[in-house]
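A single chain comes next, written as structure tokens; it is the form predicted on its own.
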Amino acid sequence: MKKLTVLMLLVSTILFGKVRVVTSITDFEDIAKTIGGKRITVTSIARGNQDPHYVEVLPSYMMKVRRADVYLQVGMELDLWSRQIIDGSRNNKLQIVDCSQNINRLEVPTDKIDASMGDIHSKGNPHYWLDPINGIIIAETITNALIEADPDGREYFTSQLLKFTNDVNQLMKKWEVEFKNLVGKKVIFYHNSWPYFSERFGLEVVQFVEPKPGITPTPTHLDKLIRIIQSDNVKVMAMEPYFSNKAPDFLNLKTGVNVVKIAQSVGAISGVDSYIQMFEFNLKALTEALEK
């Protein structure tokens, strides 16, 4: 009992004074960890290897948020489940931060949306973290939130933001040279998660395995994809690891298109343990698939 008491006091001492951060996705967790360092504790609700659109709300998530100071959400109608967690936490002191607030949004619908269109987001495509330059904008938003929660950490947080910004900008210069052969290459994606990534690195998205976002591929749609792959000489079909292999394997069998799994978030695939590693992995995986 005495040992347990000492351990609890030690843990309390370690955590005392730290900003407690909860994030919707692992990408924000990693960026927050980079900016906040030892001045924060941070954990993600969604795992990197699961679809961030659909997260089962558990009481343990509400308990995490009840003890938190800051909650970082994706916004743009992607993590709508976070609202239930936040409400259930009954944490009136929680600082809720929408990390999409300063993002240049792509694919914002201009027409009326209805259920027949599939999983369309009225505020635009919400997968904005898949552009590393947007990662800098996200980091700036997180930095401002951490300063509000911990004003004494301003100098530390801003210095970490500067380092992160410089690192990403230097890597972008490297990637633009190393992966310049990706520019103009035609790719079919499983789900429409990749417009920000594709625009940043110059990929041409010709189609999706899903006929509409969130809709299971039909035989008619797969026949259409076969014709497109053959007529447009599409060499690569890329997918997130949580989708079924059934349709991609069928397309590979019928056309020889190379199927490659890429990481939509930190932790989606073994070895993708940081926000930077995610881009390194995806760019290399697409390049290798295109060169087969």
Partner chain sequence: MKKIMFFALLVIGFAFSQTTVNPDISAIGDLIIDQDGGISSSGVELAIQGYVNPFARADVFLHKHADHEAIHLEEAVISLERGLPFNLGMRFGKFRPDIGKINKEHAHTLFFIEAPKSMQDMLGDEMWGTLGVESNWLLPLSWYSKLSAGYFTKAMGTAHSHDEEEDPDEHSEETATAISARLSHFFDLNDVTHLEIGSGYYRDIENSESHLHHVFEMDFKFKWRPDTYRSITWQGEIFRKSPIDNPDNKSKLAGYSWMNYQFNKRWNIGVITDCIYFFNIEEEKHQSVGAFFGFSPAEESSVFRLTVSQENHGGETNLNILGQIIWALGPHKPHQF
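Computed from a predicted model, the values in this text were never measured in an experiment. Numbering follows the first chain given and starts at 1.
Keep in mind the form predicted together with its partner chain is missing from the figure; the text below concerns it.
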property: In the predicted complex, the residue from I215, V205, L222, M172 that sits within 4.5 Å of its partner chain by heavy atoms; result: I215
property: Proximity to its partner chain in the predicted complex, single hit among S44, Q50, T41, T34 (heavy atom within 4.5 Å); result: Q50
property: Proximity of P59 to its partner chain in the predicted complex, heavy atoms at 4.5 Å; result: yes
property: Partner contact for Q160 in the predicted complex: its partner chain, 4.5 angstroms, heavy atom; result: no
property: Contact flag, L106 vs its partner chain in the predicted complex, heavy atom cut 4.5 Å; result: no
property: Contact flag, R83 vs its partner chain in the predicted complex, heavy atom cut 4.5 Å; result: yes
property: Which of 122 to 130, 93 to 101, 138 to 146, 178 to 186 lines the interface with its partner chain in the predicted complex (heavy atom within 4.5 Å); result: 93 to 101
